[in-house]
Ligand code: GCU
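One chain comes next, on its own, written as structure tokens: the form predicted alone.
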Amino acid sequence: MRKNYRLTGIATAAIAALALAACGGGNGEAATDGATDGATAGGGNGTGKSLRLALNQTETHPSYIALNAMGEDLSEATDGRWNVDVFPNSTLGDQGEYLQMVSSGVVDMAIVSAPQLENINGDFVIFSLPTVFSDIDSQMAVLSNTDIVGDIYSSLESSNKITVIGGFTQGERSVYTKDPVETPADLVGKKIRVQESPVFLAMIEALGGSPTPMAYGEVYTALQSGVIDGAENNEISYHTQKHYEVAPYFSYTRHLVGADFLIINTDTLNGMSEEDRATFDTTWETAWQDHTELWKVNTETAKEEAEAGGATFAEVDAAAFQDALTPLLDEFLTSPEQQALLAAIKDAQ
């Protein structure tokens, strides 16, 4: 079975991916929906069980690259008994539909954002809250530690037939606007696009802004026309969607390290032999490690290319943003179980 990409290979894949995105424009963000045309099947040799995996990202995105390689690894290691067909570009629907599709077995696996899982188990809110994770490496150390997240990952099995396998980073999310932002006071009165999530609404309100829920595909036009004054996301989405053209100031608020999760139908997972399940877990570990390295390389390349296109990246008064956001933890984490999970996460960083 193929091991982790060497860093040089990852860098080559990342640069090629961003070059394609810059030419044609990416579609979709790390936490919400994006759609273009076509479906691409990755991995597999046409025999055995083919796991259909729904993804809302393009073929140039680190998630697709890592998952497609996972399919190839799984097929090779199980002699074709199992493989993964990745369907990108929201071909099989959007993230709002993935939970039901996996639960019912219409598709076997999907990548969904933390707010989607929060809709069926409120404890997943912890993965969407600001200040929980200090950086990507700390986040991934937690998301891959079953001693910390094992119980919450299995919490949907009996009720929804959904098992959470693990997480992908969405990177550090920051604010980008038409005007410079240095402190929360600079966001007062500004309309900032957010995902439709209570946490995201409260987060922007805490910073003094006016949260504006909106489909991600509408953000460029809304920025261009003045319907909104800014948005929040990572450098990769900022670059691939060319939002730097209409919101040239990217301010490193680093208010959140976001997460996506790989989910699988529980019955499908339980249908694997003990040996094949172990192989599946090994290929997933390689996939999230590949994804993390790809993310870091793509982030640097995205920043460079956005700067070349006129974007300005600037640090902010980090303490002021931290002070404004910290109270959200007490507001949203109200049960002893949630507080215990937060304590375990903090102790691991």
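The term rigid core refers to the most C-alpha atoms you can superpose between the two forms while keeping them within 1.5 Å. The structure presented is a predicted model; accordingly, all values stated were derived computationally and were not measured. Residues carry their position along the shown sequence, with the first being 1.
In what follows, reference is made to the form predicted in complex with the named molecule, a form of this protein that is not presented.
A residue is said to contact a partner when one of its heavy atoms sits within 4.5 Å of a partner heavy atom; Asn83 fails this definition for the named molecule in the predicted bound form, lying far away. Contact check for Lys190: no non-hydrogen atom falls within 4.5 Å of the named molecule in the predicted bound form. Although the partner is absent here, Thr177 sits far enough away that none of its heavy atoms falls within 4.5 Å of the named molecule in the predicted bound form.
Among residues of the shown chain, Phe124 is not one whose heavy atoms approach the named molecule to within 4.5 Å in the predicted bound form. Shown alone, this chain has one stretch from 153-161, 70-78, 202-210, 234-242 that lies within 4.5 Å of the named molecule in the predicted bound form by heavy atoms: 234-242.
Although the partner is absent from the chain shown here, none of Gln139, Arg254 and Asn298 has a heavy atom within 4.5 Å of the named molecule in the predicted bound form. Interface residue among Asn265, Thr279, Gln195, Ser128 relative to the named molecule in the predicted bound form, by the heavy atom within 4.5 Å criterion: Gln195. Residues of 82-104 that come within 4.5 Å of the named molecule in the predicted bound form, judged by any heavy atom, reduce to Gln95 alone. With the core held fixed, Gly105 shows a CA shift below 2 Å between this form and the one not shown. Once both forms are fitted on their rigid core, the CA atom of Pro213 lies 2 Å or more apart between this form and the one not shown. Fitting the two forms on the rigid core leaves the C-alpha of Ser90 displaced by under 2 angstroms between this form and the one not shown.
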